[in-house]
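Next up is one chain by itself, shown in structure tokens, the form predicted on its own.
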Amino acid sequence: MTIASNISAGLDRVLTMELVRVTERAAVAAARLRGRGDEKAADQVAVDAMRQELNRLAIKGTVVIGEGERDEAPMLYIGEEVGTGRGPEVDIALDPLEGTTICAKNLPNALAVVALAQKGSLLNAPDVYMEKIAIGPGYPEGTVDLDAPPAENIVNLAKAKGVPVTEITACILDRPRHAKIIEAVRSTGAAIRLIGDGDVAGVIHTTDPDETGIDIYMGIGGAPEGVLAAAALRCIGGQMQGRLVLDTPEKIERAARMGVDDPKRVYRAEDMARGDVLFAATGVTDGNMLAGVKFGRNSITTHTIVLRSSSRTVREIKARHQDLEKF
């Protein structure tokens, strides 16, 4: 057996199911503060819980997408080592609470998210914006293009799907910077689902439009979230393109320190998350894809998906936890 296959087997054996515990723990911690209006507090308890669980895993893990650079984040910062130190060497991309504002307002689609891949496989993206476009599986390569006008992408997607443009729905972050994209999409007759936050979920929703009602994601969001979304697409299938928004000398220099040598490069999903990838997400609040945490009198219920790229396995886990002291 080769070294690569040994690593791959190690990921499968050690991490596939254990990863569920990592996102479950963070989701439950954040869910206790749903609707309380305190974004920082909800994020902090999720970070604490996720870090605690990651440090129990038998891995030599390095955070490549995290809560920020070392001088900005006290824990789960970029470059932090997690795990027991015994096991496969892995890159980790994470967002203990994807959608802090969503959680604080108790709105749909807040998640706890983590992705793991073999060392050197995840794009070490700086905390800047990223232009993104994504669609689900089953379409010819090149159906959409990051550099094509939004209206052209909508029309091409409708043709590939074999439906009128009026049956296409685009998911876009509700931001002033997207006014022209929104206008262009609406000019085609397509519908738009505006979201306040949570563009990892927005991208993933394109993979199952019959369930979520979303066919395409487009717009500008966070680069770290882009890598997490790409990791999920590598497991489920679909197409994604992203380009870092490096519009100042400081951002270009910061990206260069992280290994980005072409500021204008268009990254595809397989560029951002290579090799064998594991991805897990647990719902914090109810959403299109996952139910949020439910607190019962004697139990806590969580809803999680766990994905693996090499086998295209999608595990959906609804767990009832009765040992409440562990949470």
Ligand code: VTB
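Just count from 1 along the sequence shown to find any residue number. Small disclaimer: the values here were computed from a predicted structure and weren't measured.
Omitted from view is the form predicted together with this ligand, to which the following refers.
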Item to complete: Within 4.5 Å of this ligand in the predicted complex, counting heavy atoms only, one of 147-155, 169-177, 227-235, 240-248 shows up; tell me which.
Response: 169-177
Practice prompt. Would you please decide whether Tyr77 lies within 4.5 angstroms of this ligand in the predicted complex, comparing each non-hydrogen atom pair?
Written response: no
Worksheet item: Does this ligand get within 4.5 angstroms of any non-hydrogen atom of Tyr139 in the predicted complex?
Response: no
Item to complete: Tell me, yes or no, whether Gly222 is in contact with this ligand in the predicted complex, where a contact means a heavy atom of each within 4.5 Å.
Response: yes
Worksheet item: Just to confirm, Asp197 within 4.5 Å of this ligand in the predicted complex by heavy atoms?
Response: yes
Practice prompt. Can you tell me which bits of 78-102 touch this ligand in the predicted complex, meaning any heavy atom within 4.5 Å?
Written response: Glu98, Gly99
